[in-house]
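Laid out below as structure tokens are two forms of one and the same protein chain, each shown alone and named structure 1 and structure 2.
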Structure 1
Amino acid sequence: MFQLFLIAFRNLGTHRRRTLLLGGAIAGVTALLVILMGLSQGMEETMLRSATTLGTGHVNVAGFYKITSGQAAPVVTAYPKILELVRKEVPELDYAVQRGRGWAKLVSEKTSSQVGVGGIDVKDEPGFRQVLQVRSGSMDDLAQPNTVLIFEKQAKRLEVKVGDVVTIAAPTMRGTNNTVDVRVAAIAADVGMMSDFNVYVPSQTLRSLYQLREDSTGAIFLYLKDLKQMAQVQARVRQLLTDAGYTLMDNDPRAFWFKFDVVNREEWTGQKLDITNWEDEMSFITWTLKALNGLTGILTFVLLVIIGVGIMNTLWIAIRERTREIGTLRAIGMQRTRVMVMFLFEAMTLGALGTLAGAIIGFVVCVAVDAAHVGVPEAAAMFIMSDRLHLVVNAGSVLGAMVFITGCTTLISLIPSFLAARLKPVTAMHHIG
């Protein structure tokens, strides 16, 4: 077998130009695949990190409170009890935070915009500091009452800077209008879509705006030690709270603000909890990832077809050129299977070397782009939830891509190799090509 492999390897060396051309194409496809996978995984990682810090936990205990059937508020009442129960019964929990939720008008001297208001206790949120880059002001100041953290684009739109006072206006749960004047404590770098419509105020400020009790919040974000445990923890929390006597909403895998229509239409009043996970809350952007993965798949398929046709064609030419050689080898006793294996090895070696080169190129490009902190256009930043391009190269995925493309090239070469093996020695030896 090793001899066959050597023959295949030498053949590739003999036909250097052809090998370089075909190997280059395979390398190109592999590099492209590695880059696209790096982009897709980088986006997923960025989105996961930003989303699970800014707007959702891995698993969320959220819900709605309705004073009358027509007025739903994203409020969880008596949350410390729920938190205690979850902490006791969910060993997979890494840490948990409570986050107030609201929708209000943010008004500056110049203009206004509708924003989602998150109520946070910044001291209890280490992840928040890791994800957000403060451009001016201080994140610590957000611990002071009546302060707000906004994002660069919002600051530009509202024409405000750190220290300026803006007004947050919203109706309370009973529909009575209320306002709170807040000082801009920090302006953070944009993090895509999340920063377009979200601002953060201290929990107490949010409670005073909505006239909520001390033990009320918008949602409890549960962060797990291992994200793979998300589904089972979600199911367990659901069961746990049902057993504890809480009324739960039917599972609806959408972000909470999409549910107001449904909740408002229903007759019930009081509290209903809603257990979601980060994918539910971010369902409106996960299509970006699906689209990118789909595009990667289509692109890979098209390129593989081209490469396949190229390999088949090249092997046809190789067989044609080496028909007499095949005839001689068959005449001196080489088995048909071995002839086929010889050509298969040639394709496989070409595939392996090409994908290796491609993977290295792809890896280098990914690392270089990631290190260069390349900015992305505004429209793209909205979806990937970051203003920088972040690429992540996963060794397993790269190896998988190499094996896949090499396997495809080897499989494609089966047909010409099989036909080469079927040649009769006499016919092959008399071949003039």
Structure 2
Amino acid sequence: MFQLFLIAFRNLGTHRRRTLLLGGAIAGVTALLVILMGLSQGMEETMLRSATTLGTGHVNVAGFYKITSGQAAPVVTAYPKILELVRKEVPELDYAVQRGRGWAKLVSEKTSSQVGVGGIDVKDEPGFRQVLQVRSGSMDDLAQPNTVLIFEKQAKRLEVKVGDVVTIAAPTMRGTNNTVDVRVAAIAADVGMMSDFNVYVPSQTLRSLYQLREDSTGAIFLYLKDLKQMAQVQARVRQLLTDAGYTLMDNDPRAFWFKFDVVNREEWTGQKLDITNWEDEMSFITWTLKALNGLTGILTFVLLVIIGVGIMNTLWIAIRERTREIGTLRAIGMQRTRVMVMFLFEAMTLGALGTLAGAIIGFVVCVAVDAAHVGVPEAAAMFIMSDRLHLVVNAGSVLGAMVFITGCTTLISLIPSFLAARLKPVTAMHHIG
């Protein structure tokens, strides 16, 4: 077999022009595939990181509190006890934060807009600074009471800058309207849909707006060391809180704002907890990711069809050109199986070398584009939640693509290799052309 491999390798060197042409095509397809995967994985990572930092945790302990049966608020009471229990019983936990939730009117001297209000303790949010880029002001100032972080589009729409004062108005849990004047502490770069309708204030400011107690919050966001453990942890937290005596809502895989109508129609009052994950809270992201992966799959299939047709045609031409050589090999005693294996080795070697070159080219392009911090159009930024293109090269995916394309190249060569092996020595040796 090793001799056959050497013969196949030498044949590739003998027919350099054809080898370079076909190997270049395989390398080009592989490089394009690596770049596509890098783009897809980079967008997925960017969207997931932005969404799970700004709007949801990997697993969420949220819920509703009802003073009367017809009026629900997204509030979790006595959250420190829940947080302590989860930290003690969930070893998969990386870190956890509490986040207030609200919907209010943001009023400037020029205009107003409806926004979602997140109450945060910025010092306890390790991921917040990694996702947001502050254009003016300081994120540290968000630790001061009665401050707000807004985004560039909002600042432009409200016609405010850092240091200006805006008013947040919202009804409390008892239905009484309340307002809080806040100073713009920082203006951050837009991060797509997440920045169109969200602002962030210190937790204490949000509690003051909604007249909540010190131990109340909107949700506890749990961030895991390994996202693959999300379903397992979600089920365990659910059982853990049930055993601890908390009343839980039935599992409803939707974002919390879709549940107000259902909760308001129910007769109960008091507290019910709701355990969700990031896929429940950000269903529009999972749809985008599925569409992105589907598009990558279609492009990959089209590329493989193109390269498959090219390989088969090239091998047909190669066999035609080498018919007399095949006849000679058969005449001196080479078996049909060995002739077929020799052509298969040739195709496999060509595929391996081509995919290796393509993977290196694709990797270099991905690293260069990522290092260049290439900006993206505003429409694209809205979906990927970042104004910069981020490419991620996964070694396992690249190796898988190389093996897959090399395997396809080898399989495609089966038919012409089989036909080459079936040639009769006398016919092959007298072949002209």
Partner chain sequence: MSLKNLLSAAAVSVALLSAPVALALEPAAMVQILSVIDDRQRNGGDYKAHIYLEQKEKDKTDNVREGFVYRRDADDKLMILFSKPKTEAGKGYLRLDKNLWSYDPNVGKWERRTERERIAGTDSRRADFDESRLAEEFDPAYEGEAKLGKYTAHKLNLKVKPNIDVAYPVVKLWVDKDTNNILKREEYALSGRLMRTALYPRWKKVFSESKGADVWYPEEIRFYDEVEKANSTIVLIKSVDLRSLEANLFTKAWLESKSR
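Between two forms, the rigid core is the largest collection of C-alphas that superpose within 1.5 Å. Because the structure is a prediction, the values reported are computed rather than measured. FYI, numbering is relative to structure 1, first residue = 1.
Asks: Choose the one of the two that is the form predicted together with its partner chain.
Replies: Answer 1, the form predicted together with its partner chain.
Asks: Align on the rigid core first; then say whether the Cα of I67 has moved by at least 2 Å between structure 1 and structure 2.
Replies: The answer is yes, as the C-alpha of I67 shifts between structure 1 and structure 2 by 2 Å or more after core alignment.
Asks: Could you check, with the core superposed, whether the Cα atom of T269 shifts 2 Å or more between structure 1 and structure 2?
Replies: For T269, whose C-alpha is compared between structure 1 and structure 2 after core superposition, the shift is 2 Å or more.
Asks: With both forms put on the same core, how far apart in Å are the CA positions of R17 between structure 1 and structure 2?
Replies: Between its two positions, the C-alpha of R17 lies 2.5 Å apart after core fitting.
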